[in-house]
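What follows is a single chain, given as structure tokens, in the form predicted on its own.
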Amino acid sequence: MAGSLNRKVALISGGKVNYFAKANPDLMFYEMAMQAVKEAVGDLGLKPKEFRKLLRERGGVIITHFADHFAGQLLGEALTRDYLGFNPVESYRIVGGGATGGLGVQAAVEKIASGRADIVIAVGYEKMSEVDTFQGNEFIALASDTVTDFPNGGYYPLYYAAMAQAYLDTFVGKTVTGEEIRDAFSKIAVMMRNNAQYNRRAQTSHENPYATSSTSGFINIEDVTRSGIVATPSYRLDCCLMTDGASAIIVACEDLARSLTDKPVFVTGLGNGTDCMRTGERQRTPGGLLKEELMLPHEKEDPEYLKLYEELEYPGLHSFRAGRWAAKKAYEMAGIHKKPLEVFDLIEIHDAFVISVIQTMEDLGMVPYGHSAKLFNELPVENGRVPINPKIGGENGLYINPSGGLIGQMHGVGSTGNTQAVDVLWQMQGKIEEKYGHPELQVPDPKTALFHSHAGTGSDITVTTVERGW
């Protein structure tokens, strides 16, 4: 049973730090949060005092950040709340690895749907530059099992390389070739990085004053495989970057939402899936999709899906069972029965590594398992580059990560899911030229969208679906 929202909830306004960066030495974590909150509140036409009054009388605050280690500050959420002037108010922190921000947004939605609040702001941040990259990778790796996995090399680039290899082992020679997979990987990396060049706030944007020369600017297909192997089969440009950043999203009940904005975006579905942290404990069951009743409605109606899934070992390492669970729950709540590729105009998905895009498109039911690469193989290449913000999946397809995603825009872990929600909201409200500094990434007239947040190797995943409310 997917459940339902007791009352309608809308995303109404969002904000981000002025610039996502590998290192933003000018700002403390709570100062980054202030920039994001100030923008979100200002876009509603409210003065800070008016917004604080609303929160105290009718609302609450959700704060998300992943690792206390980075900023060297326990209870950083309290300092952030203090700096924002959000006392006294109902408030708590949500944490769930890379899904931290997505879980926080869903918690804000549920708080309003329950009737305990009429307006909630979800604020996410991460200050990752207080340590060097090696130490940062070690801190993130502490989100693996520190007794069994971490001492044996449990760093996330290695986990995702293993999953990429598992995908190759499972599907190459059956649904796709090795060359097609590598072509898809490179095109995804180029698409995300180059989309980000039209998002002035993006960490890799050449317009970002905090961007580093080694990680910014346009790239070509050949640049990806020249960037050096991180862990076979992943190259450096197949991977996201560590980020200093913050974002904020304001959600409200329907009546209040319509009084504050003429462009509310209503939440239609929430899904949250989980799976074993230790990947070695995940099931590898022939026909697992059928046996666990994880097929989607459109898949059940297609004999070719049934034939493929009767034999497919699932989930193993090639797929995220948590992602399929979250998608199934969100679609059920939203009443989505058609092929999702033809339902949504826009999606912002977690792409910490290019293999994540391949896996997630299949977990979301956009294409059958083992077939994602073909969506990206179809992208044309001119002068070594794919088009900016291309529509994926043909005329009835959708746009994926116009923002640049985690590879191009940011992955400040505790703020990532919030940022995806903000990007979707701005797209649907038609604010991309205003917010990114360029019109090229604006999706034409989006009416339905999805944002997806992902933790670790797929231990916690959220899927949230939304629709235009005007």
Partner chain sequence: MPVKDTILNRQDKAYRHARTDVVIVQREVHIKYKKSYGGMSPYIRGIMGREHARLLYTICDKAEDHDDLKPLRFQVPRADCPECYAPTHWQELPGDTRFIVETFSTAVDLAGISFMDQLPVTVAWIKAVLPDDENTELDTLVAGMVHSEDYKKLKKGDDVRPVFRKNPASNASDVMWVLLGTAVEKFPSGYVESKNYRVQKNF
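Not measured: the values here are computed from a predicted model. Positions refer to the first chain, counted from 1.
If you look for the form predicted together with its partner chain, you will not find it shown, but the lines that follow are about it.
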*Site check Thr274, Leu290 and Tyr369: each within 4.5 Å of its partner chain in the model of the complex by heavy atom*: no
_Within 4.5 Å, heavy atoms only, which of Asn152, Ser259, Ser114, Asn87 is in contact with its partner chain in the model of the complex?_
Asn152
*its partner chain isn't shown here, but in the model of the complex which of Pro209, Gly394, Gly384, Gly173 has a heavy atom within 4.5 Å of it?*
Pro209
*At the 4.5 Å heavy atom threshold, is Glu378 in contact with its partner chain in the model of the complex?*
no
*Give a yes or no for Met295: in the model of the complex, does one of its heavy atoms lie within 4.5 Å of a heavy atom belonging to its partner chain?*
no
*With a 4.5 Å heavy atom cut-off, would you call Lys374 a contact of its partner chain in the model of the complex?*
no
*asked:* At 4.5 Å between heavy atoms, is Ala166 in contact with its partner chain in the model of the complex?
replied: yes
*Can you check 56-64, 427-435, 24-32, 440-448 and let me know which stretch has heavy atoms within 4.5 Å of its partner chain in the model of the complex?*
24-32
_in the model of the complex: members of 432-458 within 4.5 Å of its partner chain, any heavy atom_ = none
